[in-house]
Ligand code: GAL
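A single chain comes next, written as structure tokens; it is the form predicted alone.
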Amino acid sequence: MSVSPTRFVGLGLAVSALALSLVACGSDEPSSTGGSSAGGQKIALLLPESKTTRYESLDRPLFTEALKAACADCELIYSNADQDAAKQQQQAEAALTQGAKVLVLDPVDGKAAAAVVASAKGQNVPVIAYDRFIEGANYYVSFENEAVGKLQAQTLVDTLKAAGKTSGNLAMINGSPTDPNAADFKKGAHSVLDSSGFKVAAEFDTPDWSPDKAQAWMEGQLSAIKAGLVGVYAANDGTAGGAIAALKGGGVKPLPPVTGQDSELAAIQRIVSGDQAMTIYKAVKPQAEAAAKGAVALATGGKPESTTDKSGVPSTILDPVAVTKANINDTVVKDGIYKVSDICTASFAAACAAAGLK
């Protein structure tokens, strides 16, 4: 069963200027600054990397804002692991040493993160698995990840069939093999593609979600699959950008439809220009708010509100939305993620006008 690309709940997001003075800026070691009153609880936010732009541009500021709203005197300890699992474990230990009462952890490596959970629980500190699932966490906040893969794949298939294509080769560029979400995206995508009439002629699991590695792999496949290539499943916008660069460099014309995820600004611009077919919009604000409220509840001995359960972990699971050229206005623009002026720079002015963005 596929998920409709038009499914959307207006969330009225407004990413405003935030008081980032509450947050430590360094990514090598977690640190904290003033901004909380004496006795305020310390909450640690541990994000996995910065190659995917959403973490620093959306997750971090939105979580900061949500924590401030939920607990004005709580203190935030912030770290980014730069895609290094060992570094993230060191950052978690440092946060615990600083007195963090809750760890909100988006793991670089879901399996390796079990050691962080064990260490935290040994000190009676609960862990919230943020965006990526961790066995043994106290709470999990994310999106329906198999649905993401299904939505990407179904939109790709629908785009191809709308263009009159019913068969041909696909290249499949999955996410990092250490990211548990990537396995769910892949599973969901295969559940659609394997019975679609199109053939997955080449497939790659992208180490570290690296756009450069996705591009290099795509370049290496072109000689074998270029002639029959009709579409590319790319698990996120970074790998989509790498694939598109390889296709252009290899002289593939016209470009086949390419999927994505995360609604990065560059991806929205590629959709407007026709280089990318779609992306997945995951409304980060309600995710960050649920995590922040859950952290405050756990820090004060309460229980977070949850909507379901995953592997015994109370969870809040949100719905993804497919963004195509047809609904940019009704998704990322309406929710205030981007202004039309952000998208429609001089290079994209004509394409924006043709797409009705104004």
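Throughout, we count residues from 1 along the sequence that is shown. All of these numbers come straight from a predicted model, not from anything done at the bench.
Omitted from view is the form predicted in complex with ligand GAL, to which the following refers.
A.B. asks: Which residue among Lys101, Lys87, Lys285, Arg132 has a heavy atom within 4.5 angstroms of ligand GAL in the model of the complex?
C.D. replies: By the 4.5 Å criterion, the partner-contacting residue is Arg132.
A.B. asks: Please tell me which of Gln41, Thr331, Thr52, Ser315 lies within 4.5 Å of ligand GAL in the model of the complex, judged by heavy atoms.
C.D. replies: Of the candidates Gln41, Thr331, Thr52, Ser315, Thr52 is the one lying within 4.5 Å of ligand GAL in the model of the complex.
A.B. asks: Of 71-79, 255-263, 240-248, 215-223, which is the one stretch near ligand GAL in the model of the complex, taking non-hydrogen atoms within 4.5 angstroms as near?
C.D. replies: Among the listed stretches, the partner-contacting one is 255-263.
A.B. asks: So in the model of the complex, does any heavy atom of Asn236 sit within 4.5 Å of ligand GAL?
C.D. replies: Flag for Asn236 set to yes.
A.B. asks: Hey, in the model of the complex, is Asn181 touching ligand GAL, heavy atoms inside 4.5 Å?
C.D. replies: Yes, Asn181 is a contact residue.
A.B. asks: Please run the contact check for Trp209 against ligand GAL in the model of the complex: heavy atoms, 4.5 angstroms, yes or no?
C.D. replies: Looking in the model of the complex, residue contacts with ligand GAL include Trp209, since a heavy atom lies within 4.5 Å.
A.B. asks: Please check if Phe185 has a heavy atom lying within 4.5 Å of any heavy atom of ligand GAL in the model of the complex.
C.D. replies: Phe185 belongs to the contact set for ligand GAL.
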